[in-house]
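To begin, one chain is listed below as structure tokens, in the form predicted alone.
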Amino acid sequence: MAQRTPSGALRDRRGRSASGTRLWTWLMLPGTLWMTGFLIASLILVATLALGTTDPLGNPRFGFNFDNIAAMADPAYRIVLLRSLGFALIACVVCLIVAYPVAYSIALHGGRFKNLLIAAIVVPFFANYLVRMYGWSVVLSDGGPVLKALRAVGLADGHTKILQSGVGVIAGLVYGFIVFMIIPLYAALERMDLSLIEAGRDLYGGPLRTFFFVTLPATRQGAAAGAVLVFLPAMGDFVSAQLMGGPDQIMIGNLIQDKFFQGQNWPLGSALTMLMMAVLFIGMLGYLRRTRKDEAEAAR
């Protein structure tokens, strides 16, 4: 009986690998085409509607009018856009600061309870987002447990408010999207070679220096992925600003909602949507370029 040569066995393995890759490609194709088709169709619809007008009854009419695009230069819209950008960026930073110790503790010190701890974090977020935000607004209200505790220890008085302020909006964004920061950080720390931490302690002599010079650079891709997953939905969120903010804390998502529903000005709402998507696209493009650069450096 003839024996296969090592080169023949290698070709067989490559053939099976290629067949498996083609199978997964065909399985992914229907869903990818479905999602891509609806994404492109909705983008075309919004973009064309942004060039339209409204009739006297407030119904949208397609056209070729740049008034809605020109309206984006209004200082009021620019202020709201910058405020939304600031809230989203601050929420990303706060999520990173809060989520990193949580992910680090679970990944490196969770032991056999890792899966249980991750489930304890993720499962509550399966509840409806609006319901969770209503609950969070009660917790942060003037008579809620947070302010009661702060008043009890002398860190707040009767005039201190969390709701109807920028702090309340950011607190809502952080609570709503922090799980999107914990999971990528946990995955990055879980994949990390622990011998690097031991070597870092020998080299740098302390846990703090080891964290900044070894652990943090090794998990920056997880941090970047978490920042994107938090920033994208936080930028367009309107529930936090509506429930926990005031007139001076409205975000671009609130403006879009108002134009589509209360204002009955779908073309202007579409133009605001395209403006927000342009900002999100720039952020996503920066993330993809950074990821590609990191992969190229790792391949060297």
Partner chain sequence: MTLRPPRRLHRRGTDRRPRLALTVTTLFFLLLYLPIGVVVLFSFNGQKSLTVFKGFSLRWYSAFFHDNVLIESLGMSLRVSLVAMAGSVVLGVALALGLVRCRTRLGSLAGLIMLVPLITPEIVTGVAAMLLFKGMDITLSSGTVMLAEITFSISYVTVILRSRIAALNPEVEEAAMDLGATRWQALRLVTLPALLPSILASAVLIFALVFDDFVLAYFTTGVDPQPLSVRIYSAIRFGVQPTINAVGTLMLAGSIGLIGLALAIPRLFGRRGGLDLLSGK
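We call the rigid core whatever largest set of C-alpha positions still superposes within 1.5 Å between the two forms. Positions refer to the first chain, counted from 1. Note that the coordinates shown come from a computational prediction; the quantities given were computed from them, not determined experimentally.
One more form of this protein should be noted, the form predicted together with the partner chain, which is absent from this view; the next part is about it.
Q: Though only this chain appears here, would H109 touch the partner chain in the model of the complex if you measure heavy atom gaps against 4.5 Å?
A: Answer yes; at least one heavy atom of H109 falls within 4.5 Å of the partner chain in the model of the complex.
Q: For D202, is any heavy atom within 4.5 Å of the partner chain in the model of the complex, or not?
A: Taking the distances in the model of the complex, the answer for D202 is yes, it comes within 4.5 Å of the partner chain.
Q: Is P101 close enough to the partner chain in the model of the complex to count, meaning some heavy atom within 4.5 Å?
A: P101: contacts the partner chain in the model of the complex.
Q: How about M28: is it within 4.5 Å of the partner chain in the model of the complex, going by heavy atoms?
A: Taking the distances in the model of the complex, the answer for M28 is yes, it comes within 4.5 Å of the partner chain.
Q: What is the one choice in A224, V146, A156, V93 with a heavy atom within 4.5 Å of the partner chain in the model of the complex?
A: In short, V146.
Q: Find the only residue in L189, L81, I182, I162 having a heavy atom within 4.5 Å of the partner chain in the model of the complex.
A: So the residue touching the partner chain in the model of the complex, by this definition, is I182.
Q: Select, from the options 162 to 170, 216 to 224, 123 to 131, 81 to 89, the stretch whose residues sit within 4.5 angstroms of the partner chain in the model of the complex by heavy atom distance.
A: Stretch 123 to 131 is the one.
Q: Given a 4.5 Å distance limit between heavy atoms, list every residue of 148 to 166 close to the partner chain in the model of the complex, or none if there are none.
A: Contacts from 148 to 166: none.
Q: Quick check on T32: with the core superposed, does its CA move 2 angstroms or more between the shown form and the other one?
A: Shift of 2 Å or more: yes.
Q: With both forms fitted on the core, check whether the Cα of A119 differs by 2 Å or more between the shown form and the other one.
A: No.
Q: Does the distance between the two CA positions of L155 reach 2 Å or more between the shown form and the other one, the core being superposed?
A: L155 C-alpha, core-superposed: shift of 2 Å or more.
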